[in-house]
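Presented below, as structure tokens, is a lone chain in the form predicted on its own.
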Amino acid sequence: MQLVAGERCALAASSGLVNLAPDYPSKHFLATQTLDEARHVEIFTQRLFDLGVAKEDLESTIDRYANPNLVKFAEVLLEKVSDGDFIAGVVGQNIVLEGMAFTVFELLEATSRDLNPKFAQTLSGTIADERRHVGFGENRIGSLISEHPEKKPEIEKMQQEMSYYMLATFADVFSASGESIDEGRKLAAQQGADSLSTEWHGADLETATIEEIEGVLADTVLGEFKNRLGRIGIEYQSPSVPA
């Protein structure tokens, strides 16, 4: 459910940024990114159907189960796009949102590799797309920020706010998924599979607690934010920790 909500945000943001782009190479890239995001929405929506969500119930189901903090995360980004702010929009979309998605998909791929190889393969393709999108954000926006240094405080505030809602989303999702992870480990053990015996950023996914996995995910995403923002001339702002 959260994957569909996140990819819908990415689709809305990237499509909105096309006409805001100041040059045709950027318009062209963002148009191809829009196609990528539309494909991601389609793929993850089909997975909801495969899991039993009826097509006529799709919108009401998303409205009901999309995490409120993820919705707020999306609203911060889409407000920048709606206001016509290309620089902040690309940082929010291609650095913050795509950077988060890239790492989340990596974690999901690692945990799905043996239990659900078809889904893991889907995620591998999505990760390749996200890597390309993040690369555009770094390569294109750095020069624009150099030309418009007055934008930095606004962008840093946006990053801090989006990061807070991201961490709050992680806290909500992980607190609700502990039992399902335990069930997956038990099922893997019954099948004689070492499906979660994967080390991911120093965490053993077979034995790590749900809190430890959440912590590694959050630290990894925030660390990547800091590195990528530094490369484009933006000072990373630490978000407050959700209560």
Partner chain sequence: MSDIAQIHSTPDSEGSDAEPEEPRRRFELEETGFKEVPKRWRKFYRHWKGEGDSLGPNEVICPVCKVVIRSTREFRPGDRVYCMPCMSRMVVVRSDDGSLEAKVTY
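Quick caveat, the model's predicted, so the values are computed rather than measured. Residue numbers count along the first chain shown, from 1.
Not pictured, yet referred to below: the form predicted in complex with its partner chain.
Think of it this way: in the predicted complex, its partner chain has a heavy atom of just one of A74, V134, M158, M166 within 4.5 Å, and the residue is V134. The partner is absent here, but in the predicted complex a heavy atom of E138, alone among D85, D114, E138, D172, sits within 4.5 Å of its partner chain.
Taken together, the three residues K80, K226 and Y236 all stay farther than 4.5 Å from its partner chain in the predicted complex, as judged by their closest heavy atom. Between 199-207, 52-60, 39-47, 66-74, the stretch whose residues reach within 4.5 angstroms of its partner chain in the predicted complex through a non-hydrogen atom is 199-207. With a 4.5 Å cutoff on heavy atoms, L17 does not count as touching its partner chain in the predicted complex; it lies far away. Residue contact with its partner chain in the predicted complex: F119 places no heavy atom within 4.5 Å of it. At least one heavy atom of I232 is located within 4.5 Å of its partner chain in the predicted complex.
In the predicted complex, its partner chain stays beyond 4.5 Å of every heavy atom belonging to P153. Along 24-55, one residue reaches a heavy atom to within 4.5 Å of its partner chain in the predicted complex: F29.
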